Structure formats: C-alpha cells, structure tokens
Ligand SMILES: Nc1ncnc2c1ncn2[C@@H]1O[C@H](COP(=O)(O)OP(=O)(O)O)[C@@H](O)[C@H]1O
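Take a look at this single chain in structure tokens; it is the form predicted on its own.
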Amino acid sequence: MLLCIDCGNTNTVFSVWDGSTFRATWRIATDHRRTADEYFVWLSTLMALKGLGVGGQIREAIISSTAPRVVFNLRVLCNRYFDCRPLVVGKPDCGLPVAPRVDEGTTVGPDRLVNTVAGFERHGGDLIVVDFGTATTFDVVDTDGAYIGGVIAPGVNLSLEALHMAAAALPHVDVTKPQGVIGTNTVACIQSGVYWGYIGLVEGIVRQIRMERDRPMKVIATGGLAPLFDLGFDLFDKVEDDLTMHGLRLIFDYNKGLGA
C-alpha cells in the first residue's frame, strides 16, 4: 500500500491507498517538533483501529510539504517504520507529468503542483483551482496541464486571527455563513465581513483571471472551508475534498512509471 502525506502549515493529512481506493484518512496538527517515533505511535494506533496492519503493508510513500522543517521527521518515519524511501514533491528526483511554466528561479509550492496535476487529470486544462488553506490560493492550469502561475491571498482563518490580534476588543469568531449581510451585533458583523468579503475576493480574482486569459475557464475548489463558500452560490464548477491526495497518488504513479 501507498502512504500519502500532505503536510500543510496548519495540519498534516495522512492517507492510505490500497491500489484502488483510499482506505482511511487522518489529520494531525503540523508541528516541526514532532518526532518520527511520535508520528508512528499515533499513526499505527489509528491504522489498527481501521484494521490496517502496520507491518509490511505500507511499502511506498510520497510527501508534499509546505513546512520544510517537518519533512526530515516524515522521511525518518517512512525509512524507519515502513522501510521505504519516500518521494518528496518538489525535489529533483520527483518528476511531474508537465513542468510548471513560471519565472526562472521561482520555486512553486508543492501543494500547488499536486493540485494542478489532480485538477488537470479530473477536469482538463483551462482550469482555476481555488484552495482554502492557511492561505487562499488560486492555481491556473494551462491547456496541456502545466501550472502557469496564480494568486496567493491570506487564508480565512488567518485573516480572522490577525483581526483578533490587532484589535483586542474584537472577539475571535468561527467562520460561518451569516443570515444576512448587515450584522446586528459584533460577532455577526465580523462573520459577515469575512464571509462576504471572501465571496467577493473569489468572484473578483476568478473574473480577472478569465479576462486576462481571454477564454472560458472551469473553477474547482478544495480545502476544508471550500464547502462553506459553495453554499447557494455558483462560484465553483465542483468542490473536490480529496484533490490533494488524488494528486499525490498520480504523481507517485507517474514516477513509478519512470522507474523512480
């Protein structure tokens, strides 16, 4: 079986692929101090609860990480406990079906590369992938599947946290769809500003990308908050909650076909 690991700035997701389906998916807070041994104790316990024996079943692994300090211990986890050398997206030995076309010397985040591969495989080119993570990112996929750039905006929760830290009198609130635009109390006002503000942000950036590209473009969304911003709106052609894991599997299969 294949262990897919998506390490973001806030959370790290582990998923087990058995060759035909993802058997289980688990999430843990990203922490660069967490050791390989701690990862294994946590992961092996959850695998056992799903009836997935640890010994010998996972033979291969692939990692995508936007938190470089975490990668070392994830590599050790794979080497020590699963006896495999993981592929790491963005490293020279991990190929992509289509190379990104960006300014020379630019390093593209591995999460964006993975989403590009997955989005193209499922929806074809001329595509915008909106990922609601720690940052809200817009990835533009060309007709041949190449990542050709995008947009990075502050994430929803990051914006709420910054507002709370900069204005001590304002409470920290949860993200939710408000009943109306005009709030009648402080919490409702903040929720309205964040929710409708991000609806406008997505609509505006997508509109400008389409104008710049001068062609129809599909829009798909992923990330934990994507379903919330899809409620009653026609922002996205589809919401894909497993997009990143699907992309990791595709990149692994591509490299395996190359003999990596």
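The model shown is predicted, which means the values in this text are computed figures rather than measured ones. Residue indices: 1-based, along the sequence shown.
In what follows, reference is made to the form predicted in complex with the ligand, a form of this protein that is not presented.
Only one segment in the set 201 to 209, 188 to 196, 222 to 230, 36 to 44 has any non-hydrogen atom within 4.5 angstroms of the ligand in the predicted complex, and it is 222 to 230. In the predicted complex, the ligand sits within 4.5 Å of a heavy atom of residue 132.
The ligand is not drawn, but in the predicted complex it has a heavy atom within 4.5 Å of residue 27. Looking at residue 157, you'd find a heavy atom of it within 4.5 angstroms of the ligand in the predicted complex. Taking the ligand as positioned in the predicted complex, the residues of 1 to 28 that bring a heavy atom within 4.5 Å of it are, in sequence order, 8, 9, 10, 11, 27.
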